[in-house]
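Before any questions on how it binds or moves, here is one chain, the form predicted alone, in structure tokens.
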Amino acid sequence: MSTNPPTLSRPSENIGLSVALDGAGWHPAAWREPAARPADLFSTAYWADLAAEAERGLLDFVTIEDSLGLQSDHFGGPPDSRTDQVRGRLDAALIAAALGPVTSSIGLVPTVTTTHTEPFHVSKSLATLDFVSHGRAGWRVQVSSKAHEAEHFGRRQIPAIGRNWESDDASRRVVRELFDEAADVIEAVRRLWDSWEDDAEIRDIATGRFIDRGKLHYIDFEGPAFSVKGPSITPRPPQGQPVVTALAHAQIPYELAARGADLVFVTPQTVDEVPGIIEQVRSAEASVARTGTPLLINADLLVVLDHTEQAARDRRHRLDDLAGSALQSDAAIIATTPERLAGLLIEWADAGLDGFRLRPAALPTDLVAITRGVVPHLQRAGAFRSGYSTTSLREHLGLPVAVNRYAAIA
């Protein structure tokens, strides 16, 4: 990472910008910050306030974290026994649905796990979110690779997977199977979204015809893990295809994103790593013979922001002391000022990234620093919008209209 603040001189061009919302923030001690609202974590008002702040900052979308197990310090293992950190969460898709009517422009992207969730349920849940948000729904695809999460459902067993799974043949095989299944889920969900043609609903009172049954389609998906007949019970969502996203750090996850996603979150640690990661993503697209629009590539950064660099570092250290250990993350951790972060985003975007998903270390403090600090600096540099000029999430991201596959062949 460069040690000098980059010059804010990017020509007029929008940088994609979103935030990842998770509990009280991404630092384990965030819930103990003076501005935190630990008593409100399980209230819709808390999430509505966060989404409103993100929308005030004109961000593309918010993601909402979720999982099928309690938060834990144990990688891949059973839940830990810690009682000094936030444990428990609300259902991300349901939170997003509650946020639809109380927001107007920002995209809503809940995390939904593919491994134990039926694609039919995923399809109609996200289609419903797209309806209640008037075309602002997305989906962060997540795979469950933990044995204790499988025990919640009792349908199958998942072998233990080590942190270094890429170098272990048995673990790598399990990961491959889980991600292949996830790719099948995405494909089945996408077909279900298309299973109603856009004009399948007639609603003609005079003739008494509500739908044109000829414009509903069986999708007949057959895969190793499941089959789905279709059609959906929910009409095609306003966007046609809500935006599909995935977080990826390695070849197999890159290939999952290339097979089924519109946008991939990556985790470079420095700007020098950006070109190599982009090359890996494009290589994955080639290896799975992706056609159509290339993946949008956004980098994840975990941010601690304050009025000076020293203040940001001091706050991070204070949080670390409260947590009893230094903050760790798969994403680069940036403790800096909003102005310097804005410059860094421009520098990294110039290296080839389409945008960024920022993970606020503490909520609402670091979210407000993004919306009222980073965003104005980006705007002054001509690198970020001054208002929403589009209405759907696909439009915010510059994705093309999603043509219904069945209508196209009719």
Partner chain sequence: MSNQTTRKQIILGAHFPGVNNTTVWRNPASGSQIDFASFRHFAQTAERGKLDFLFLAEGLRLREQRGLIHDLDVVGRPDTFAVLAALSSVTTQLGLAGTINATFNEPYEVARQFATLDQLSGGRAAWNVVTSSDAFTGENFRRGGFLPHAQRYTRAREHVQTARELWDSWRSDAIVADKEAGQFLADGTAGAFAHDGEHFKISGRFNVPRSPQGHPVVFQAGDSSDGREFAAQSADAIFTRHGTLEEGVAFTRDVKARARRYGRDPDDLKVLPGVGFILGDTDQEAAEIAREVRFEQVSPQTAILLLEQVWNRDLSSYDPDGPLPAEDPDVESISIIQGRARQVDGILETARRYRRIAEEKNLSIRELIVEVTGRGLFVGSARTVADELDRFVLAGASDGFILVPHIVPFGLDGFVDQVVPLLQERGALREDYVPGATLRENLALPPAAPAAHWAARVRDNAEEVAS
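Every value quoted in this text rests on a predicted model; they were computed, and no experiment measured them. Numbering follows the first chain given and starts at 1.
What comes next is about the form predicted together with its partner chain, which does not appear here.
With its partner chain omitted here, the record of contacts in the model of the complex names 28 to 36 of 343 to 351, 368 to 376, 28 to 36, 56 to 64, defined by a heavy atom within 4.5 Å.
Its partner chain in the model of the complex is not approached by W165, whose heavy atoms all lie more than 4.5 angstroms from it.
Within 4.5 Å of any heavy atom of its partner chain in the model of the complex lies no heavy atom of P253. When contacts are judged by a 4.5 Å heavy atom cut-off, F265 does not count as touching its partner chain in the model of the complex. Remark: F179 does not count among the residues lining its partner chain in the model of the complex, judged by a heavy atom distance of 4.5 Å or less. Taken together, the three residues G260, E273 and R405 all stay farther than 4.5 Å from its partner chain in the model of the complex, as judged by their closest heavy atom. A heavy atom within 4.5 Å of its partner chain in the model of the complex is found for exactly one of S232, T336, S145, S105: S232. Here is the short version: of S329, Q280, S287, T128, the single residue with a heavy atom within 4.5 Å of its partner chain in the model of the complex is T128.
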